[in-house]
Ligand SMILES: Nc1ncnc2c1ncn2[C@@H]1O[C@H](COP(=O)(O)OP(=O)(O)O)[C@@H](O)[C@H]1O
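Only one chain comes next, encoded as structure tokens, the form predicted on its own.
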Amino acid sequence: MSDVVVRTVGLARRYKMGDTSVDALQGVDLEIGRGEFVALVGPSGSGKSTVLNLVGGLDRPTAGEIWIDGKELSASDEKALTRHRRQHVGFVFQSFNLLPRLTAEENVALPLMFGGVPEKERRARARELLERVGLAERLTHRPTQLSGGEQQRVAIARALVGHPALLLADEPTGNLDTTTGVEIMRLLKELNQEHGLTLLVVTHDPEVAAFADRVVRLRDGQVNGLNG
């Protein structure tokens, strides 16, 4: 098994906007080692979320290569991309994206249902992860009964339930107050350190980036600097 979970080579993404073209990414080379916590930072429009979407298989590059856990992703068909999203990557978004009619336990277990995991195992894995993120007493609560921080903890548990090689987080503290945001980042750091979870976090917040082992700076679709 390779020690490199993410490797991009000459990654480029061009979008058509009417009669003009916009280069969101221009030749991004990036490597993330197994168990590493990397923060991708930069101003709005720098290409941070575009990198995340490409690595996560939510979008396709215009040019370049994406290797995830030793497998080349950029030439994959839609079926392979779906399998990649389900089996190899966990996503955490700013807006939580929980289903309002489902309990915390049901929200966490949902991805396993699509993977054909038996119900008993789905529930056991969901409960185990909710306990790990500090929500053992909230299993039957629905999103409207949870605080923003609790909802994001449910979202983190859901992202981890499939044992992904990589967790991608897009502004994970963006909808949280400062204190709650720090709690969420501490949780992610604990998961990274205790379980070797590989993390790529997109943020514009230097306090969030400070939790990472390494900071990669983007500007105008290009890597602008590396710290750490």
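Don't overthink the numbering: it's just position in the shown sequence, from 1. What you see is a predicted model, and the numbers here were worked out from it, not measured in a lab.
Below, we refer to the form predicted together with the named molecule, which is not included among the displayed structures.
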* To do: Give a yes/no on whether G45 approaches the named molecule to within 4.5 Å in the predicted bound form, heavy atoms considered.
  => yes
* Asked: Does the 4.5 Å heavy atom contact test between Y15 and the named molecule in the predicted bound form come out positive?
  -> yes
* To do: Could you confirm whether Q26 comes within 4.5 Å of the named molecule in the predicted bound form, counting heavy atoms only?
  => no
* Asked: Would A210 sit within 4.5 Å of the named molecule in the predicted bound form, counting heavy atoms only?
  -> no
* **Among 47-55, 158-166, 29-37, 176-184, the region lying within 4.5 Å of the named molecule in the predicted bound form by heavy atom distance** => 47-55
